[in-house]
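The chain below stands alone and is given as structure tokens, in the form predicted alone.
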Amino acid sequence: MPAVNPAGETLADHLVRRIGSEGPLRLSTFMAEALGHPTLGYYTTRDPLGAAGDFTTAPEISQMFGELLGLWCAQAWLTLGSPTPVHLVELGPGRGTLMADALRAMARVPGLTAALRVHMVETSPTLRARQHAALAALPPAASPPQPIAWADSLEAVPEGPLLLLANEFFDALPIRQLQKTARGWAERCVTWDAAGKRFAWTLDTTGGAQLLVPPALRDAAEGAVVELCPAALTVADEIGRRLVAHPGATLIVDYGYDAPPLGDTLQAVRGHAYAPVLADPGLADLTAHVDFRTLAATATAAGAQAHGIVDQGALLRRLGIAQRAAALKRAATAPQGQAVDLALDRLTHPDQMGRLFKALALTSPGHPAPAGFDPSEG
């Protein structure tokens, strides 16, 4: 059921009213409203994860994922010289599952838990409540000495040494789409088709779109689509700035590509199936593939050092997921062991998440390649 505001409006009603007063909306505006409207948005009104939701992320598939990312942070902390305190930040932390698993794994490294100041960057009240519950259940040995903090943005996190994780965060940031037409580049926008009583695509041909297209792509064929994500670049720039100002390391894992941003990757997911992108704003997840190459370039332009981009399957294998799976199976029943095997396959196999999902590491300048990103690791 769609949420309604005090005036009885659904998000669709709100968007129709905006279009009526402002004209067609940029795709980025439509996505921002659909996903993040303060009272009617997709993420602000529901927990979308798990079998009863719309999609399942890697931390929900197996504890192995969060444990290995936690150990990645632990190794990065040691390489950085064990700064104390150190801010452990997660962007878009879902139900808190990844952070809970990571903290349990990090507790094995002497002195690390005591050094941590944990910050969860989350805007959804529903998901914040789930995160509170997950982290409140941590054993005492894995609980940092200071209370875990929540923030609406990375900018709100205090300055200092940084360990940052972002799993399936960038794919949900609003994008703009530019389309090549017979008359040049135009911006794809969303309008309201009153006759059909539906949202529909339209093109803004008033000019200026070509200036946004990377020069190498301006001669693309008619019909080509270029995707830009200004919000992602803002976050990447902020990460890069912090990594220059303070010792730190960042690990970004998401589905995306290492290529120029050419092609329409926008999709809607509802009930674990693809749905029409414009059909039910606020009731379906909207995502686009992450442009890892531009993320890396933006962070390095701010002064950080980029490592990767590598497939998720390769990263997890280098971090020891096969060994962790074997250890879990030794203490498991036969059905539990089968579940471990299925999770391992889902996370690492090229035909599942292993190749579609990519990983990018960012570090302070001059630091060696972090675990999983050294070319010599194979």
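Don't overthink the numbering: it's just position in the shown sequence, from 1. On a predicted model such as this, the values are computed, not experimentally measured, just so you know.
Absent from the display: the form predicted in complex with a small molecule. The rest refers to it.
- Of the candidates 179, 123, 143, 298, 123 is the one whose heavy atoms come within 4.5 Å of the small molecule in the predicted bound form; the others do not.
- Taking a 4.5 Å heavy atom cutoff to the small molecule in the predicted bound form, the contact residue among 187, 291, 101, 90 is 90.
- Among heavy atoms of residue 57, some come within 4.5 Å of the small molecule in the predicted bound form.
- Heavy atoms of residue 238 never reach within 4.5 Å of the small molecule in the predicted bound form, leaving it off the interface.
- The shortest heavy atom separation between residue 219 and the small molecule in the predicted bound form exceeds 4.5 Å.
- Taking the partner from elsewhere, residue 94 is found to have a heavy atom lying within 4.5 Å of the small molecule in the predicted bound form.
- With the partner omitted here, the stretch from 165-173, 191-199, 205-213, 268-276 that lies within 4.5 Å of the small molecule by heavy atoms in the predicted bound form is 165-173.
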